[in-house]
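The data below hold one chain only, encoded as structure tokens and taken in the form predicted alone.
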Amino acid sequence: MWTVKKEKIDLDSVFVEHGCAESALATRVLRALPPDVPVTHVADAREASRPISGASDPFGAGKRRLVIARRKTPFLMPCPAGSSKFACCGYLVLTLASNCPMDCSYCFLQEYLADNPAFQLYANYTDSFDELDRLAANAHGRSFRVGTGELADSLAFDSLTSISRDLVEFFAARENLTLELKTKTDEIENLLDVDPRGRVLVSWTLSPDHVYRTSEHLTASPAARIAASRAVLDAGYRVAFHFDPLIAYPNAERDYLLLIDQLLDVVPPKQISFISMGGLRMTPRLRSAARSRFPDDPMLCGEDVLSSDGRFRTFTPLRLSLYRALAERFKKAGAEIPTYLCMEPESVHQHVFGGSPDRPATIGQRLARA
């Protein structure tokens, strides 16, 4: 029996948009809520999603508001990190929620969702299945990797929503679509009794204990994430890992290599579908917001420079050194693990791997089938 051990995530309030109260999602959430969390029904969820006036930390306060609303725009989109400037991985994003109840100091959502910081769930999330079926019908032999973990953690609050069950059952029946559930939690209970039929992978962002303790608030510990990955692997899921952001701090290389050893002691390298790596990067606005909210976090004060893409990035020699050390360690693991860099130009890929990356569509298909 899997036992979950996680930090308590508090909700101050829940808002349900008119027309959503009878939805399956709202019914599940309201039934599972602690009785002391107030629930308010509102005509327009946009008002409840905006920053709280007068709050000392509007973004942090917004995270403690749960809003159940109807999504009025498409659910499926290209990864917002994709760009012609970078060697991208062909990832497609399925937006079923917005924001995250956890609070990592470096998180880009502090900027991206600054004007809409409430944690939003979309009551009509099953409408996304029509979009996915249209994608599959027009695939012409292509395979796609579709993930829900870009604008929200894929499994945070899954004990309230059970959305993962519906997703796994849907993707298990579609041969050219692969679902990626990306998380920093160990909230996997709903996955363990649903058969993914090889069409679902669960991925974890991993950081050394030092980064976890200083910067990844309300997340599961690295050891708990690794243990959860083994549990879902044994239940028939594929697994993958994201070392992103890599943060260059004193003794970082030692800590990351130790973390990899801990991972490979639990998950055999031949059973890892892929690895991604990405350096810490922040726009000036995000950098300012993160340092304001977390003034004592040493991970936000490393050696960085303003790059040509308008982001502060770890000084290139430090970044390349970390990439190469991790890539070499995985290369020595005894199995060829597909590995890619996130939001890095082709030139960095050449320095790390000694060659140019494939086209995004090719990478996306390979990772969907890995």
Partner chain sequence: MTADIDQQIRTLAVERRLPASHLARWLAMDPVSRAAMLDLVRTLRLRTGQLVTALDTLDEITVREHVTIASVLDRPEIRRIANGSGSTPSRASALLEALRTFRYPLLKKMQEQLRSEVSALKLPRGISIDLPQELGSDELTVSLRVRTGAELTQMLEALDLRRTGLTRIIEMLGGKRGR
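Positions refer to the first chain, counted from 1. Since we're looking at a predicted model, the values are computed, not measured.
In what follows, reference is made to the form predicted together with the partner chain, a form of this protein that is not presented.
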Quiz item: Within 4.5 Å of the partner chain in the predicted complex: all of 298, 305 and 320, by heavy atom?
Solution: yes
Quiz item: Heavy atom to heavy atom, is residue 27 within 4.5 Å of the partner chain in the predicted complex?
Solution: no
Quiz prompt | Residue contact check: residue 287 to the partner chain in the predicted complex, 4.5 Å heavy atom | solution = yes
Quiz item: Even though the partner chain is not shown here, does residue 253 get within 4.5 Å of it in the predicted complex, heavy atoms only?
Solution: yes
Quiz item: Taking heavy atoms and a 4.5 Å cut-off, does residue 351 contact the partner chain in the predicted complex?
Solution: yes
Quiz item: Residues in which of 287-295, 174-182, 93-101, 223-231 have heavy atoms within 4.5 Å of the partner chain in the predicted complex?
Solution: 287-295
Quiz item: Among 46, 324, 331, 70, which has at least one heavy atom within 4.5 Å of the partner chain in the predicted complex?
Solution: 324
